[in-house]
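First, one chain by itself in structure tokens, the form predicted alone.
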Amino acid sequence: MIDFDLPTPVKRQVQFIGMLGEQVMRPVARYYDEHEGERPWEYINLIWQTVRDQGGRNFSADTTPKLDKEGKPRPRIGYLMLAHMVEALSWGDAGLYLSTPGSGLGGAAVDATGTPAQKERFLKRFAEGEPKWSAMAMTEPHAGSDTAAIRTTARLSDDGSAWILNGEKIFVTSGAMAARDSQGFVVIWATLDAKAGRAAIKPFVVEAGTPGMTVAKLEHKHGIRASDTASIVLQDCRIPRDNLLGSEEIADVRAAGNKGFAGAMRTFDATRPLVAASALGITRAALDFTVQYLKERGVTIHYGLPLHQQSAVERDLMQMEAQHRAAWLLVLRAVTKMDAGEDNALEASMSKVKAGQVANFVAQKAVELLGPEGYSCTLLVEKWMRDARINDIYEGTGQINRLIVARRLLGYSSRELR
């Protein structure tokens, strides 16, 4: 029998974050939506203690084996914990959640591609001190989903002691905070040889304040406005040679142990289910509010009635709830496989596609069902609709993730199915 009861540590964490979302995030959600670019320091300082309690790894799971009283290995629950935390924070407010300090997406890239010494060097800092951020920069003005077209270059200096980076990255989540704040860093994906394609794409850690790395622009966005999204320019940016994560060798992307472009894909396998969890936090916020709003106005949902006896509102709400539950089960499957150390690339993309689709469907339906009030700025529903939109775009668009799913199911390569 499948047991869906949450482990006690996860329950405690979700309960705490639920209170944080209700008492700290929701009351200021509209303010930071309307004051884009202003940092939510009250939230940041409060959540930082929780992040430090997790070792600073707010986007990375603790994979250290745990033993029970009899000395037997316990099942790992690191990614399961993260998925529930991300969902609960996004229920509070997705934009504020994305401004959470910690190792972030950059830390996930270090986890997936770095050596043990690099992980120690770059991630340990997030367990102490003041709030700090990391970011991952892959997208470029001419290369969105086509990562093979990356033009940002990395070359060795004449004396061989450093890498020199040149290029431009756009839509970098938390880019300004990671690039400017003390002890933060940005993982820049750059090519050692443009002619070699994906095989030459490597991740480089660029520390905050490094000369030659400039935050050129902060985006004014449709949604998730409490989070900064930056453009970063690299102009003769010099970093230590050992800031390249993993090997310098240009190897086939399918080669065992290749931590270049394949490492980027492993990063996404870890983070896409968490993006899906965030989408479903927004989904639950819209769904909970809509059900309560209609209940207060005398609308009762009659579960179990045949379809022809249901009202249009009842059919819509039931469909919203069913889609939400289906998407959440895909997320749980993806993170459970990740915790078990199994390949979850298919499940990660499935959960990302489904959750992005469901978040947009449910949030838009909520606005529709609430009528003029849903469309107005009186309620947060219209904000949730705007916040939901990004979940079908970043960390791989819905179209790209559908391609990944199709290739995995049909056994095609990227060359065979585009």
Partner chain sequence: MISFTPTEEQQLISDTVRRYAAERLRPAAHDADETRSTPLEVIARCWDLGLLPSAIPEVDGGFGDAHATISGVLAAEELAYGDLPISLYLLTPGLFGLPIAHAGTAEQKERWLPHLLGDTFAPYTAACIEPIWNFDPTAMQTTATRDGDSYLLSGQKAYVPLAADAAAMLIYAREGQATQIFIVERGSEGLEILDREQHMGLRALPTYGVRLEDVREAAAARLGGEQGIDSRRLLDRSRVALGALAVGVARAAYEYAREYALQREAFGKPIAQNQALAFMLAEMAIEIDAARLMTWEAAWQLDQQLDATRQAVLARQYADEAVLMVADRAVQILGGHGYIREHPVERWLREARGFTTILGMAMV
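Numbering follows the first chain given and starts at 1. Because the structure is a prediction, the values reported are computed rather than measured.
From this point on, the text means the form predicted together with its partner chain, which you will not see here.
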{"query": "Residue (of 319, 182, 153, 157) lying close to its partner chain in the predicted complex, criterion heavy atoms within 4.5 Å", "finding": "319"}
{"query": "Listed residue that, although its partner chain is not shown, lies within 4.5 Å of it in the predicted complex (heavy atoms), from 390, 29, 350, 366", "finding": "350"}
{"query": "Interface membership of residue 300, its partner chain in the predicted complex, 4.5 Å heavy atom rule", "finding": "no"}
{"query": "Contact flag, residue 80 vs its partner chain in the predicted complex, heavy atom cut 4.5 Å", "finding": "yes"}
{"query": "In the predicted complex, residue 309 touching its partner chain (heavy atom, 4.5 Å)", "finding": "yes"}
{"query": "Residue 386: touches its partner chain in the predicted complex, heavy atom cutoff 4.5 angstroms", "finding": "no"}
{"query": "Its partner chain in the predicted complex: contacting segment from 138-146, 158-166, 327-335, 101-109, heavy atom within 4.5 Å", "finding": "327-335"}
{"query": "All of 48, 216 and 293 within 4.5 Å of its partner chain in the predicted complex, heavy atom check", "finding": "no"}
{"query": "Residues in 386-413 with any heavy atom within 4.5 Å of its partner chain in the predicted complex", "finding": "399, 402, 403, 405, 406, 409, 410, 412"}
